[in-house]
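Next up is one chain by itself, shown in structure tokens, the form predicted alone.
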């Protein structure tokens, strides 16, 4: 039986009268790569900061490794790595000094690992932080997070500022860490990242969890993407229960379908069809369906 590494129960955070998150409940199992997706302002960062004990919950509770995220925060932080969405450091520190300073918190000699990771991520050891680009500062945060080989990685928009080549390198390292048994909580609004990396995903909207599902089930069990090209201009009403996100043109129609395929096929037998495509939708299409509108990226 898998261990539960993260558990939240009705986790709620208000800023005065303003909603942060409301009754957020989920569990992350040991060894899992768990996706947490939603656009900016959905409550992802508030959830993470409350989970880490940086914010005190208004209601509910959070546990990491079975420990209370508020009372046992100092114990928890020794065993986790965290990449925040925004990175800020002391500008006059050198890269190597920052990483050596970080390593002292874990009472380990990590000089060889610092050198190895800086070579992998192409981060210069001798430069002052104020001389680094935004991308290199983000890479530094990633190195700092995985330096001590934590049991749990919590990543808040970790690829912002990384170029595509470095993003791929980062994903490879995450997969290697995961193979070693590291549990990963991956928060992002970049849906193809989540789709590539994660086993399960929670969708959050306006501070509330809409759905928690395995990636494959989310993609394959609920919806099909259907595109129909007709032999002539469509002058009839093509409408079935379960059709969503419908896009029509003169002689074609495309939609997400959550209904009985047999009913769809019977309907198609009544019209002249030139081409028919039925396939699995992308996670992004499903995500937009749950939000009911375009997501700002």
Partner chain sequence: MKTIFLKEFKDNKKSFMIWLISVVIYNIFVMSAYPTVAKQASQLDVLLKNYPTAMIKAFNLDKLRLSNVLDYFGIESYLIITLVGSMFAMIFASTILSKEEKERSIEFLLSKPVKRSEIVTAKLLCVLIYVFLFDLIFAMVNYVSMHVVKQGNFDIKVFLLLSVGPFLMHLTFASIGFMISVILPKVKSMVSFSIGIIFTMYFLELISDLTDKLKDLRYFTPFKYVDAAELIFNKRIETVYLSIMFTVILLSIGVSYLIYQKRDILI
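Positions refer to the first chain, counted from 1. Just so you know, these numbers come straight off a predicted model, no measurement behind them.
What comes next is about the form predicted together with the partner chain, which is not displayed.
Residue contact check for residue 104: one or more of its heavy atoms lie within 4.5 Å of the partner chain in the model of the complex. When contacts are judged by a 4.5 Å heavy atom cut-off, residue 207 does not count as touching the partner chain in the model of the complex.
Using a 4.5 angstroms threshold between heavy atoms, residue 55 counts as touching the partner chain in the model of the complex.
In the model of the complex, the partner chain sits beyond 4.5 Å of every heavy atom of residue 120. This chain is displayed alone, yet in the model of the complex one of 180, 108, 217, 78 has a heavy atom within 4.5 Å of the partner chain; that residue is 78. A heavy atom within 4.5 Å of the partner chain in the model of the complex is found for one listed residue only; from 190, 160, 93, 212, this is 93.
The stretch in contact with the partner chain in the model of the complex, judged by heavy atoms within 4.5 Å, is 70-78, chosen from 199-207, 165-173, 111-119, 70-78.
Along 124-153, a single residue, 144, places a heavy atom within 4.5 Å of the partner chain in the model of the complex.
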